[in-house]
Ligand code: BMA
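Given next, in structure tokens, is a single chain: the form predicted on its own.
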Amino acid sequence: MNKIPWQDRPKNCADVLWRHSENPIIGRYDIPTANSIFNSAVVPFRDGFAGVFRCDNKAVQMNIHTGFSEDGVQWDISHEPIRMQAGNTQMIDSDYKYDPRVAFIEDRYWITWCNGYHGPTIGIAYTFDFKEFFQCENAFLPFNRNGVLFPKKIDGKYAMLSRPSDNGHTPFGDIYLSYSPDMKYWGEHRCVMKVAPFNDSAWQCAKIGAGPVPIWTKEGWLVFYHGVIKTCNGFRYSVGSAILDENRPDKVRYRTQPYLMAPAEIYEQVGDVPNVIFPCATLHSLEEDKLALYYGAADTVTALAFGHISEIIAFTKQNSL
């Protein structure tokens, strides 16, 4: 495992997750064409790290770009969007691409994103080297968002979390699980998690959506997700965690009642969309008990937080809905 970025917990901090001292690590104008760089995914790659970044340009056209880093903090992001080739389909039309995730499964890196095809759906592509990308069939009919693959097959099938939605800024949403034998045809849809009742856990009462690729642990699949409350000032996005059954990931074993982290810093509260923490990727080491969480802040910049996996699991179990 490549050495993941890390900072120790600050003194007098008792939080399960704590922020990088130099957040945001990627600014909104870190490439010349960008209006914002946020909600992006990173993975270990060769001697460093590779990523797929959401970069909205100054016309606010939404697209995804590649990036590379030696340390996971300082990034060299391509100035041009990814150009797709045909994978298992010739239909690679796309009106927009945003909010990517990346999972390494068997022999290649799979990218999922919100793909514009007569409305938002889940786009899929693969790459071996982050230079050539091969776009596949969309996973679902419109409308859907937050497609997140599991990093290994379950019962011989690919598995993906997603959130059925509508064509607009969805005011609702629950997390579902779907399976595929070949990364082309998807079915066996199962409900995993619904929003929480307001009186039980208001921060996640409007909608929820899967975040980074799930992490296998001895307790089950550790999943980070965003939860949303609709306030008089609009939506507020925070981060929670859940543990899903290893063999039946539609079964929730534990789920946080309190959030792990909510918008509190100026770069999370002020931006193109205020009061948003949107987790999209983790780098982790089970052996070192360390985790680095990448998240979009205020739909404008990219930030980083840290935590100990064992503490996150314990917190999830001890504070479960």
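The first residue of the sequence shown is number 1, and the count goes up from there. Bear in mind that the values here come from a model prediction, so they are computed numbers and not experimental data.
The following text describes the form predicted together with beta-D-mannopyranose, which does not appear among the structures shown.
Using heavy atoms and a 4.5 Å limit, would one call Phe278 a contact residue for beta-D-mannopyranose in the model of the complex?
Flag for Phe278 set to yes.
Is Ala262 close to beta-D-mannopyranose in the model of the complex, meaning a heavy atom pair under 4.5 Å apart or at it?
Ala262: no, not in contact with beta-D-mannopyranose in the model of the complex.
Using a 4.5 angstroms cut-off on non-hydrogen atoms, would Leu286 count as touching beta-D-mannopyranose in the model of the complex?
Although beta-D-mannopyranose is absent here, Leu286 would stay clear of it in the model of the complex, with no heavy atoms inside 4.5 Å.
Even though beta-D-mannopyranose is not shown here, does Arg145 get within 4.5 Å of it in the model of the complex, heavy atoms only?
Close contact exists here: in the model of the complex, Arg145 approaches beta-D-mannopyranose to within 4.5 Å, heavy atoms only.
Can you work out whether beta-D-mannopyranose is within 4.5 angstroms of a heavy atom in all three of Glu219, Tyr254 and Glu311 in the model of the complex?
Negative, none of the three is within 4.5 Å.
Would you mind picking out the stretch of 98-106, 175-183, 122-130, 69-77 that comes within 4.5 angstroms of beta-D-mannopyranose in the model of the complex, counting non-hydrogen atoms?
Going through the listed ranges, the match is 98-106.
Can you tell me which bits of 45-68 touch beta-D-mannopyranose in the model of the complex, meaning any heavy atom within 4.5 Å?
The stretch touches the partner through Arg54 alone.
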